[in-house]
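The chain that follows stands alone, in the form predicted on its own, written as structure tokens.
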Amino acid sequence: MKIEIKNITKIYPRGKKKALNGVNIEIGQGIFGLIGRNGAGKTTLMRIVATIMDATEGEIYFDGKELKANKDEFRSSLGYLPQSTKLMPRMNIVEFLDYVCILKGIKDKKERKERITNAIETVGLVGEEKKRLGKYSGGMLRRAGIAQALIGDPKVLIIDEPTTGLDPEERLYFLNLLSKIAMERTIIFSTHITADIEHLCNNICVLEQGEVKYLGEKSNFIDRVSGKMFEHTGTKEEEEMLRREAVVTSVAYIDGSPCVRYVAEKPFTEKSISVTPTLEDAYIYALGGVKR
């Protein structure tokens, strides 16, 4: 499914804060990465696309159809995993998914049972059917959240900050799961963690203070700092100099010495070495460098 976001603006009445300012994005099939700091407007945009919140200005189209005029049709093709995964703690996964099926208008018991079984197998929760959701780990809750989003075989999945708080193993499982279910679907993946989408997405959007800072292919975004990326390990004084003269994307301390990754037209020190930029380097550079 093709989604067109046209000039979306959201102004909150209290304080007249502009959470989104003329956002224009076109999203096609596959996993689309929406990157931005906390407070950049990602969740607001996701809620508007998911028809939970209305925009102040602008329109959204799906396959050429205006969303406002066709909400029910769009919702029937939509799966949504919000940032906060609050499921029914006293229910087990089968009971919860049966409840979701009913909410989505699936009345036939046999059909509901098949859909529930398929969803549980897809997200890897086989053997956990009798356990209450309140006893699930954070990673299992995210899987349960994806399972409910998959009920109805949606064409579009909106997933907002899904890996926050997960341990490395759970996070990797979740990202592999998304890659697996991305075939023939449009997935909008919102995150402030660049590593989450570095190997998942070809197309990304960088959102900052409600505005699009970059929209396009991930490779082109990284290429903007290609040949300008350096790493220097030295003294605290050299770190301070690089912070003043270049755009620093990260600082790590090795045996007490700062190892500084920075973007510049040419190296600032003789000990600086050229390094291959990552998505995180390009992202931090686009936001003006790391904050102290």
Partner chain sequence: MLFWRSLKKNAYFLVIALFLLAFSCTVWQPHHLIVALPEHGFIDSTEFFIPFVLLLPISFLLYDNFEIELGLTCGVKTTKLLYTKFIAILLFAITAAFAMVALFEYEPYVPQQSKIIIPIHIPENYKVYMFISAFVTTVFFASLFLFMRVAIKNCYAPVGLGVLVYTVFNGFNYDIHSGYTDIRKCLFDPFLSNYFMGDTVLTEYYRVGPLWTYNRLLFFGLAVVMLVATYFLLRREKLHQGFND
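Residue numbers count along the first chain shown, from 1. Bear in mind that the values here come from a model prediction, so they are computed numbers and not experimental data.
As for the form predicted together with its partner chain, it is not shown, yet the points below apply to it.
The putative spot formed by K110, R115 and K180 is not touched by its partner chain in the model of the complex; no residue has a non-hydrogen atom within 4.5 angstroms of it. Among residues of the shown chain, I102 is one whose heavy atoms approach its partner chain to within 4.5 Å in the model of the complex. For the chain shown alone, L87 is a contact residue for its partner chain in the model of the complex, at least one non-hydrogen atom being within 4.5 angstroms. Proximity of L78 to its partner chain in the model of the complex falls within the 4.5 Å heavy atom cutoff. With a 4.5 Å cutoff on heavy atoms, F96 counts as touching its partner chain in the model of the complex.
Contact with its partner chain in the model of the complex, defined as any heavy atom within 4.5 Å, is confined among 168 to 176, 121 to 129, 210 to 218, 70 to 78 to 70 to 78. This chain is displayed alone, yet in the model of the complex one of Q148, T163, N203, T186 has a heavy atom within 4.5 Å of its partner chain; that residue is Q148. Note on the partner interface in the model of the complex: the residue among I60, I31, A50, V248 having a heavy atom within 4.5 angstroms of its partner chain is A50.
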